[in-house]
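Quick heads-up: it's one chain on its own, the form predicted alone, in structure tokens.
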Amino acid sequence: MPVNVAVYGLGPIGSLIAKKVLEREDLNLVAAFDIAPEKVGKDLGEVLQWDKKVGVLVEHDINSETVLKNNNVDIVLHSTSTYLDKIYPQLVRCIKSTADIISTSETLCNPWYRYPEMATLIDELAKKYCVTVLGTGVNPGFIFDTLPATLTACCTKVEKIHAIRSLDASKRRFSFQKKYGLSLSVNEFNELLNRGQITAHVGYAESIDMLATALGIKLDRIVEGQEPLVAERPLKTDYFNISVGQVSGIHGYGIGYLNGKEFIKIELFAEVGREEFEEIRIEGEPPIAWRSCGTAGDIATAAMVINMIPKVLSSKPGLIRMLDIPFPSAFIKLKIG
């Protein structure tokens, strides 16, 4: 029987997840939630700007617990916000409906790092209702943590890990470009970042901590930060005109120290016109150098969420991380157990 799925949050990522779920015969999308007045009460097909209705009305998220119960939802694919303290009430309602959860919330990927008390509460509640909760995505969730951890399986000794992700910010959606501060002055960027009005990337420390846990080590400390990259010539995207001296992207980083030395370093370069690639270098025995030609952000995030469905449905109850599940992969046809 198809698995009954709900999509919670119909922004750019949530809408993409909904479209990909609707394309599969082994997944049955039976409920959808949002808070936007222009979406609530409409057929999901209309919200997705399809030329046909799909027979699912978008409900307000405050009604999620009741709607999930009434539709016998097996798993909720959640995509609303970055920070766990903001989405905590949403997760509680889903858990109480006894539906499993996969969320794109960056801080839920490794919530014990930034929100240890709240993570414990979610873990206890999930176990009480026999529910599994997982935070994942392409990053964090894969490129800066699961992928380098997997590559170390070929090493008998690991001395240092360095992962770089480079992407062309001009190819990303409007909301991505806005939260990365494109076209702002450097002062505006720093002020808005400090206020939390823009975030750029979130999850450097979460990824480093999860990678260290996978390797069985306890780091001395983790530092993370982000700084603006500045345009040296006029640049243009579909949404912003960037003058010389304005922000054209960011350089973000996280560093984990072991025995006083740099052991894990991750770097993100997201800038207009930048070459797209990922590179992971492991100093050890044997040394490993891996490089890609870049991973598409939105579709890869949707893929990670959908592909973890059988893993989560087969996992033990509680709040889990990517390092707690079986080897991640795509699934061609759903098979549980």
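Predicted model, so just to flag it, every value in this text is computed and none were measured. Numbers for residues come from their place in the sequence shown, where the first is 1.
In what follows, reference is made to the form predicted in complex with a further copy of the same chain, a form of this protein that is not presented.
Contact here is defined as any heavy atom lying within 4.5 Å of a further copy of the same chain in the predicted bound form, and by that definition each of 291, 322 and 328 is a contact residue. Although the partner is absent here, residue 150 is a contact residue: one of its heavy atoms lies within 4.5 angstroms of a further copy of the same chain in the predicted bound form. Contact check for residue 187: every heavy atom lies farther than 4.5 Å from a further copy of the same chain in the predicted bound form. In the predicted bound form, none of the heavy atoms of residue 79 sits within 4.5 Å of a heavy atom of a further copy of the same chain.
At the 4.5 Å threshold, heavy atoms of residue 28 stay clear of a further copy of the same chain in the predicted bound form, well away from it. The candidate stretches are 191-199, 70-78, 95-103, 157-165, and the one lying within 4.5 Å of a further copy of the same chain in the predicted bound form by heavy atoms is 157-165. Contact with a further copy of the same chain in the predicted bound form, judged by any heavy atom within 4.5 Å, is made by just one of 56, 300, 40, 312: 300.
Residues of 127-145 lying near a further copy of the same chain in the predicted bound form, listed in sequence order, are 138, 142, 143, the criterion being any heavy atom within 4.5 Å.
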